[in-house]
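The form predicted on its own is given below as one chain in structure tokens.
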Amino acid sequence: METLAIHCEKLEGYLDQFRERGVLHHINGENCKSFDNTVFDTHSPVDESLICKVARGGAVDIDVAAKAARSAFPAWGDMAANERKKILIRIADGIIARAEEIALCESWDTGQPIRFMAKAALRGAENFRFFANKAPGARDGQTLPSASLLNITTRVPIGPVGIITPWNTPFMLSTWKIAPALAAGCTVVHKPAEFSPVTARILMDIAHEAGLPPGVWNLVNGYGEEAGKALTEHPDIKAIAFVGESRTGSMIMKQGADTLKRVHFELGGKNPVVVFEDANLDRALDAAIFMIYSLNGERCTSASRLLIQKSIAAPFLEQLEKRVKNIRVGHPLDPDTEIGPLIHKVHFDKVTSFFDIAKSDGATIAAGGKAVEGNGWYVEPTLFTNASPDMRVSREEIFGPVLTTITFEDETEALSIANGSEYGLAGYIWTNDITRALRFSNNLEAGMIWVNSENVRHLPSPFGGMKASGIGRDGGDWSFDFYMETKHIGIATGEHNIPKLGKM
């Protein structure tokens, strides 16, 4: 088994390339600095040490990248789908070959424990392989015959698209967006989050080495208010796929309004896990803990509200508190670590502010509620009990290793609490009553619902939220619905009657 020391030694070798050249843009097949040569620093949340310099893109860099994507679109969109498939398969193979490098660099860049990042790299390869295999059928449509016409549908790629990805599990989420866009025949301008730029650069290198034609996939680093804004407003970009905060999604929609951009948003969540008294309580406990404390709680589908039936609340919460206090916080490259540091001081300040908010609201801090002393942006895994649905800790997305628990009497009250949120991304239901599971899931306002399970992703199934949690769906053909236009073609099957206007 590889130890913390071995991981740190390997990481040093992988980071040398970035220390020497920094993280550059990749536009029209070439690595390049920003137009005005500006850069920004990226630091590790583990100890705030400098990782490297990053090119700071702006409107000029986005313009060059968008025009490159526009020029490359006709050839890429018209390329035989099997040829696109081969390139995407080579990207998947390249990810597998560099999976260790990706995992270690992402762990250091984001603070995510290595135990989860190794799987994130492999999931990224799976995303590319899945959509590569779907590429040959992406344009397939339907045959809809009528009395006088053979009606058929087909799909064509929408054109150059902008993809803006977040800092939590950035590698996997980048592949989740970019793979279907390329498979559909779109060209891409990718703007990764400024807090976590390293693995986006590795992914770009893999794609370039796989033989992706120049201009098909362009990478521009920078800040949201500079490069991101320029991308969302650029007239050559036909659609924006964004993963991040709901407030930012609203801003992007406004910025893209003048050019009538199609948008796909995967936004915030305050997801409930509802545990009824007839559930398998041991499994429900395991799942509830995993779905909030894994990945540092920095995940949109985290189960950050635990709704527990009063009849079983006391023993369940007692076990929960013990487990939370045993969660291992430590260096993210240590294989034993379960929670690493939060991504950045800005986010650390936000998460820790909720500790005082919980106290002022009247909730009980049953576990955690403090920062961890020392270097890095570490917080203790935290549990709030005795909370009510109207408290800020019950309503606002904290996006950290913080769980709020609320008790309920019956199914009606549980549904009211679960739906009493501006968000509607995911929900988790634990019960052995199948009729209640069906009834409750039918009425729960969430785009994704798991019954007697944690979040287990199935790539052909739709992923996305309702209300303030997003617009659109990822996964399978749902991804192609966003990146492609559906066309109808009607072919007359005979000489039907055509009204003869103006004929004497």
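Numbers for residues come from their place in the sequence shown, where the first is 1. Keep in mind the model is a prediction, meaning the values are calculated, not measured.
Below, we turn to the form predicted together with ligand NAD, even though it does not appear here.
Full three-residue contact with ligand NAD in the model of the complex, heavy atom 4.5 Å, for N127, N218 and D477 = No, the whole trio is out of contact, none within 4.5 Å by any heavy atom.
task = Identify which of T187, T405, Q112, T165 has a heavy atom within 4.5 Å of ligand NAD in the model of the complex; exactly one of them does.
result = None of the others qualify; the residue that does is T165.
request  = Note which of W108, F171, F242, W430 lies within 4.5 Å of ligand NAD in the model of the complex, where distance is taken over heavy atoms; exactly one does.
outcome  = Selected residue: F242.
Any non-hydrogen atom of K261 within 4.5 angstroms of ligand NAD in the model of the complex = Judged by the heavy-atom cut-off of 4.5 Å, K261 is well away from ligand NAD in the model of the complex.
ask   = Using heavy atoms and a 4.5 Å limit, would one call G269 a contact residue for ligand NAD in the model of the complex?
value = Heavy-atom contact with ligand NAD at 4.5 Å: present for G269.
request  = Would you please decide whether I202 lies within 4.5 angstroms of ligand NAD in the model of the complex, comparing each non-hydrogen atom pair?
outcome  = I202: no, not in contact with ligand NAD in the model of the complex.
query = Wondering, does Y223 line up within 4.5 Å of ligand NAD in the model of the complex on heavy atoms?
reply = Yes, contact at 4.5 Å.
ask   = Of the listed stretches (395-403, 76-84, 91-99, 373-381), which one has a non-hydrogen atom within 4.5 Å of ligand NAD in the model of the complex?
value = Among the candidates, contact is made by 395-403.
ask   = What residues of 179-203, in sequence order, lie within 4.5 Å of ligand NAD in the model of the complex by heavy atom?
value = K191, P192, A193, E194 sit within 4.5 Å of the partner.
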